[in-house]
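The chain below stands alone and is given in structure tokens; this is the form predicted alone.
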Amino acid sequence: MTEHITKRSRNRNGLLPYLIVSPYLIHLLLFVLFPVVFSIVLTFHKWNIISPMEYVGLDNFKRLIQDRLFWKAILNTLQFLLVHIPLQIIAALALAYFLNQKIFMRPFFRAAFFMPVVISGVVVTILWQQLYGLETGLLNRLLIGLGLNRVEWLSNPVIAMISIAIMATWKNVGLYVILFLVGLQAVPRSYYEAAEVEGATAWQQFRYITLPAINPTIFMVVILSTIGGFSLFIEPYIMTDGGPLNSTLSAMLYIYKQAFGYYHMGYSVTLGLFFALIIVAVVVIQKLAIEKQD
């Protein structure tokens, strides 16, 4: 009798680990594995949600190769990254270096620079849309006050994406300021003291001590900025809807329009998977380039 009770207790204890991890396994199956498998299957089908799926083979991939607007959206996204990433790194590192000094109300300024990160992206985008206004925007009114001409921040195809990159940098810079602050505070003070004894200037200390010491943080910021830049959607969707002349049409916005504007679900999934591969390739290349430079 005792042995039977002991065996039954062991069986219950053996099921306990599976019961504990079952919520995670269910979540993994429903929200990770199933969507991935379904997306791969959907790339070979034509589907508008309402009608049954129609097998089309490799037609979606052929259409992708010939879709000039998608490739323009890719180039627009890369243009955004070329402006956004260097601007993000320079601005965040400069602010972090400043906030790492002993200044008046330092905790307040650290919190203030982080504030835009926690504000809704839609709210920030609408705010900057008003600032960029051609007639009543604050920036153009300041330019007119200085005797200069108005700037078509969002209606000029040449500078529209640059304007969005500046706004996105303002929105996200607080997060990277915190990351750089952590990196700067981890640099031993003794390094700077030894450099001062040797007569090193402030620039030499920054160049040969600070930058090498925070290189892992720089790498993290580059990767996070790249991934965040590739997911550019809210800003062009609200501010320009991809215009003017598709100059701010990001890849994510184009994929969204194909899915929920034209209900080309199979084709939009094909675009999404291909775009994900591009992101992985760019991140790997960045990683190799930074490691080689080190």
Partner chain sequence: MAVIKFEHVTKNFGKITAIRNVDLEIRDKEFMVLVGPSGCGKSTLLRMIAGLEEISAGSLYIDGQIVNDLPPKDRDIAIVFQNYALYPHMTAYDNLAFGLKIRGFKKSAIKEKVLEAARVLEIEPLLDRKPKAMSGGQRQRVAIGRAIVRDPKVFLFDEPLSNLDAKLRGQMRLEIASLHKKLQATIVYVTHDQVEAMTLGDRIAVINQGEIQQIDTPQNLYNFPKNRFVAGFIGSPPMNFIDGVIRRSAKGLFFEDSSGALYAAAPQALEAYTCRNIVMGIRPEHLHVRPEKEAERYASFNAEVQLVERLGHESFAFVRLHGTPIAARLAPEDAPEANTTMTLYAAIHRMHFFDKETGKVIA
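Because the structure is predicted, anything quoted here is derived from the model rather than measured. Residue numbers count along the first chain shown, from 1.
Unshown form predicted in complex with the partner chain; subsequent notes refer to it.
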Heavy atom of Ser155 within 4.5 Å of the partner chain in the predicted complex: no
Pro107 within 4.5 Å of the partner chain in the predicted complex, heavy atoms: no
Close approach of Val197 to the partner chain in the predicted complex, 4.5 Å, heavy atom: yes
Gln204, heavy atom within 4.5 angstroms of the partner chain in the predicted complex: yes
Options 139-147, 159-167, 81-89, 209-217; stretch whose heavy atom lies within 4.5 Å of the partner chain in the predicted complex: 209-217
Residue (of Phe98, Tyr191, Trp71, Phe114) lying close to the partner chain in the predicted complex, criterion heavy atoms within 4.5 Å: Tyr191
